[in-house]
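Shown below, as structure tokens, is a lone chain in the form predicted alone; questions about how it binds or moves come after it.
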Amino acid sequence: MRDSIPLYVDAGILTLKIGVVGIVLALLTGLVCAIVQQLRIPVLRQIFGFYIELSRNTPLIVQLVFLYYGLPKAGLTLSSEMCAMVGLAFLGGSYMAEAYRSGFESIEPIQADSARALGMKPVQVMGKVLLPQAFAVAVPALTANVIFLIKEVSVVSVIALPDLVFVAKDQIGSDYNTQESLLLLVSAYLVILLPISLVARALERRVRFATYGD
């Protein structure tokens, strides 16, 4: 088991790297989608709405296969790491957009009307009135999506990336030591996900206290 630990450490670092970049891109993509839908710009709203439905209704493994094997047919070749990050952002962006949307819909319309009546510009209404409140409401859903996306990285082995699942399968195939390989696999995911889960809960409590005071 000791000889295999460096392989799992390297795979864990790769998993975190893909997860962090993909999640940051997903948060930005989701925020843009939610703002565009909130502003009700007809054409853009339809385009982003189509993206959300396409993303949510296709598995990540299918999106990865399309990016890795399909795009080169169209003359665009991405590295396997880049495909994994883009795929994670593509999938996660739609879930993040829905989380932000629930936050925006929790705000009474009169708040935006009052802000405009006070002379605030649309950008100021969005940035100073709507977005902070929407983010506070959306935090629990956003943090749940972050943990979900980290776990989704487990399918990137389909495009030949040596993530944790790839290493575990390789070790089982070469050493036939299934129990130790699975134990290391579960332990590695716990090491990655448990701190993230604890930070997410602390963030939720902090935002809730700042918003509601309890």
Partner chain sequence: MEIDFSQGFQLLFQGRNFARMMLGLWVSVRIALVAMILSIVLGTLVGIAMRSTRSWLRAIMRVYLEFIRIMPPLVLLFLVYFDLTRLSDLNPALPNINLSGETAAIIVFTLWGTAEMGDLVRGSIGSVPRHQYESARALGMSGGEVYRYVVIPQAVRRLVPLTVNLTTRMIKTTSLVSLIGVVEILKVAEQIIDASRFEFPDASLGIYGIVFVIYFIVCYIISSYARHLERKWALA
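Only a predicted model underlies this, so the values are computations on that prediction, with no experimental measurement involved. Positions refer to the first chain, counted from 1.
Only in words, not in the display: the form predicted together with the partner chain, which the text now covers.
Mapping the unseen interface onto this chain, residue 16 falls outside it, with no heavy atom inside 4.5 Å of the partner chain in the model of the complex.
Within this chain, residue 9 is remote from the site of the partner chain in the model of the complex, having no heavy atom within 4.5 Å. Using a 4.5 angstroms threshold between heavy atoms, residue 193 counts as touching the partner chain in the model of the complex.
Contact annotation: residue 205 falls outside 4.5 Å of the partner chain in the model of the complex, judged by heavy atom distances. Distance criterion of 4.5 Å from any heavy atom to the partner chain in the model of the complex singles out 182 from the list 160, 182, 41, 28. In the model of the complex, the partner chain lies within 4.5 angstroms of at least one heavy atom of each of the following residues of 136-172: 151, 154, 155, 158, 165, 169, 172, in sequence order.
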